[in-house]
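Given next, in structure tokens, is a single chain: the form predicted on its own.
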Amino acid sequence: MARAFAKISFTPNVQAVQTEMGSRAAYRSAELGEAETVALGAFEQAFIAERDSFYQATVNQTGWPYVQHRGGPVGFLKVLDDRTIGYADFSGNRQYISVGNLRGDDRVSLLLMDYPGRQRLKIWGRARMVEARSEPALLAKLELSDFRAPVERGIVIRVEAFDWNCPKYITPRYSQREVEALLVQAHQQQQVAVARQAPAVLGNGALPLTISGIHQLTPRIRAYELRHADGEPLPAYQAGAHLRVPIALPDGSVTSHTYSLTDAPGDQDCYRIAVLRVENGEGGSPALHDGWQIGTRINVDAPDNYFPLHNDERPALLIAGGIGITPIKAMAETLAAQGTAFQLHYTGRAPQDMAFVKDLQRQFSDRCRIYFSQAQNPTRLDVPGLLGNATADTVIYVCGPTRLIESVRQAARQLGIADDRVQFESFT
């Protein structure tokens, strides 16, 4: 939790209530330490750019708060730099309450919602108005070339603090565009299911499983929940473990592929895997996406582990690329539960392509860094810098594309890091 947020929000009255309700000790640490430089990270910037609305609060001359909904096309709230955001103020009902309030008090509070993803970002800042006659170039940056609503002015906000909320009590809601996309996807899946008659039970392993849940994490990644077909406890596993599963191919043959278990061990009721659909790959992921349905039965062997996590108190450096986040996520959750120090660095093309990115940012905000190579403002993973700053006893884990793994191994060799401190698993 950012110190700037606590400084603004935890007033004496708030602190008194926290003390009365027993939460003061938990939040006290947020007020301590050195003052940080408030800057929107790549994750926050991408989240802001994806929004098509937000709520803005101002305060009037008599002290009353006023909350206004602001809406527009996706991306109308723009990130100008890592401490500045802004938007074009479209003509509305001409009450000018927010504009009038800002003339007397420049403080604003914004609430940005992602209802399908059950995420919310709170932003505090100081706002100023941008007029065409005095700052035409800046106002032009805020305008949208393909949106015809008349623009009366611009609003530029200097960010003073921000904070993420937990997903509790956020009801998922979907726009018309999102519902239409889901309906098309469901129709396609139904057609495939009708056209293909897979075997009643796939595989010949000793462990019978049933697909009990399917979640679309990104347009190309699905998470699957697997439970014992007879309701029995599942065999235990350790972080880094994988499951080899059978897949029915379109020609009627059955192949198999391994997928990492994505959750920290401990839940003996459910295994969870995440599968990236690769159209021209050799693993059969399109057939798995098209063929696996709720209730599909498979017989597998117990989980195996070629990428185990160390079991002592040494700190860990976790590096994941793309779908390679799957075992790394389980490791991060395990290390956090054990109280072991770690840092997680997760790189991918863009937020919408990356599984678990929002959950990881929420769970490990102070230990997780996200990189987007193809975002509006790309951020790159500095492998030599990461390894060079690691302590001499840090164990390094990397999972992802071969190029990422080779860059980590090469940097480790150049820095004189012993091979046994660099553990890797390749995902192609």
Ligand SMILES: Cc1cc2nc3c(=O)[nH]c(=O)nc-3n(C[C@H](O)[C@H](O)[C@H](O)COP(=O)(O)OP(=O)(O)OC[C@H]3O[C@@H](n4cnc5c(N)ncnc54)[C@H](O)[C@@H]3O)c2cc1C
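When you see a residue number, it is the position in the sequence shown, counting from 1. These numbers come from a predicted model, not from an experiment.
Another form exists, predicted in complex with the named molecule; not displayed. Remarks below refer to it.
Student: Looking at the partner-bound form in the predicted complex, is R128 within 4.5 Å of the named molecule by any heavy atom?
Tutor: Contact with the named molecule, no.
Student: Would K78 sit within 4.5 Å of the named molecule in the predicted complex, counting heavy atoms only?
Tutor: The answer is no: K78 has no heavy atom within 4.5 Å of the named molecule.
Student: Indicate whether V278 is a 4.5 Å heavy atom neighbour of the named molecule in the predicted complex.
Tutor: Although the named molecule is absent here, V278 would touch it in the predicted complex, with heavy atoms inside 4.5 Å.
Student: Taking any heavy atom pair closer than or equal to 4.5 Å as contact, tell me whether T258 reaches the named molecule in the predicted complex.
Tutor: Taking the distances in the predicted complex, the answer for T258 is yes, it comes within 4.5 Å of the named molecule.
Student: Using a 4.5 Å heavy atom cut-off, which of 210 to 218, 258 to 266, 177 to 185, 128 to 136 contacts the named molecule in the predicted complex?
Tutor: This holds for exactly one stretch, 258 to 266.
Student: Counting non-hydrogen atoms within 4.5 angstroms of the named molecule in the predicted complex, say which of S285, Q119, S109, T347 makes the cut.
Tutor: Contact residue from the list: S285.
Student: Ok, I85, I319, M331, I323: which has a heavy atom sitting within 4.5 Å of the named molecule in the predicted complex?
Tutor: If I apply the 4.5 Å criterion carefully, the residue I get is I323.
Student: Could you list the residues in 219 to 250 that come within 4.5 Å of the named molecule in the predicted complex, counting only heavy atoms and keeping sequence order?
Tutor: Heavy-atom contacts within 4.5 Å come from H242 alone.
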